[in-house]
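Before any questions on binding or motion, here is one chain by itself as structure tokens, the form predicted alone.
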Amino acid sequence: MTTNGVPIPPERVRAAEAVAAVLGPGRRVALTTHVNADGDGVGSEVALWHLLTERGLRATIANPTPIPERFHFLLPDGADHSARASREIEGADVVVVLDISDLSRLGDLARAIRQSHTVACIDHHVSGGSLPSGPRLVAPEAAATAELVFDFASALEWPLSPEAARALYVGILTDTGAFRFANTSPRVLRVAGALLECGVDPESIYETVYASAPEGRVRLMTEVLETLVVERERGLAWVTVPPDALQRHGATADDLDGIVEYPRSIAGVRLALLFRQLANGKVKVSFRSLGDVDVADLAYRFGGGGHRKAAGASLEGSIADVQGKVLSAAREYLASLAGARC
């Protein structure tokens, strides 16, 4: 099937139809994504909100954590009810989970979602997921969940409004690192081209998402990068967010986005890590890689997941304890890859 000049794999068409089958007219639909939503999660749910409301469904966005300020420009008036997310989930006829398929990444909403009658999922992560059973549009080979929401609309021949197209473009732009990462496929570039034909202004979106940083974000980045450690002989590098750094700079977790790319950009580094203490006592580890290093596999060992080149996990323990465990595993993993190439 080909629409908007972009062929859609038959399995995605069938999956889109299965998801659409539970989205009958007049139904109340809650849209949600993972904690600390990124551009792909927000862009995908905002675009789907437009698609559903334009067809008479009562849609609402109900996220486990507040939507980052830099993505507020995408939000339609009255769409975001994350402040009362649990009630929105409990009162919905259908819950659509986007950009994640694991209950563990849905924070305080996990319990309400587990008890929901119908839970659909649109996602591009490699995890098998732990959501309640329901229709799934899942394709790990997709560059972003926004690509799959584009396929969903195209398969059903639902036109994209300029606002929906803009939200999908943000999702694709951010999850491909502004079309720099290895997941930038020929297909997703064709999808981005189709979105531009819907009236998307790429320069204004780039300025809003990447070139409007508050001063605190830049100062936070400077402090985090001062913790840089590089083990050149192993191709390993990592940074650590100092205690209370976010509070001291008036920053949020979203302001850490992209910092781990700096150690990954060092010549010879194949695996980069960022460590951050969370308020719940756990330590969040962000994994990034180059070449044949599969960080999804590495993160999975610690109860996390993601993509081959970008993944994450949250571990119990102090920063020192978690760093000891994760760095030991990372060194062993890199050594095993080096041995396999010999």
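Since the structure is predicted, the reported quantities are computational estimates derived from the model, not experimental observations. From 1 onward, residues are counted along the sequence shown.
Keep in mind that the form predicted together with a small molecule is missing from the display, and what follows is about it.
The contact residue chosen from V293, A310, L57, I67 relative to the small molecule in the predicted bound form is A310, the criterion being a non-hydrogen atom within 4.5 angstroms. Of the heavy atoms in H50, none are within 4.5 Å of the small molecule in the predicted bound form.
Taking non-hydrogen atoms only, R217 never approaches the small molecule to within 4.5 angstroms in the predicted bound form. Taking the partner from elsewhere, R270 is found to have every heavy atom lying beyond 4.5 Å of the small molecule in the predicted bound form.
Contact annotation: H249 falls outside 4.5 Å of the small molecule in the predicted bound form, judged by heavy atom distances. Only one of 42 to 50, 59 to 67, 299 to 307, 23 to 31 places residue heavy atoms within 4.5 angstroms of the small molecule in the predicted bound form, namely 299 to 307.
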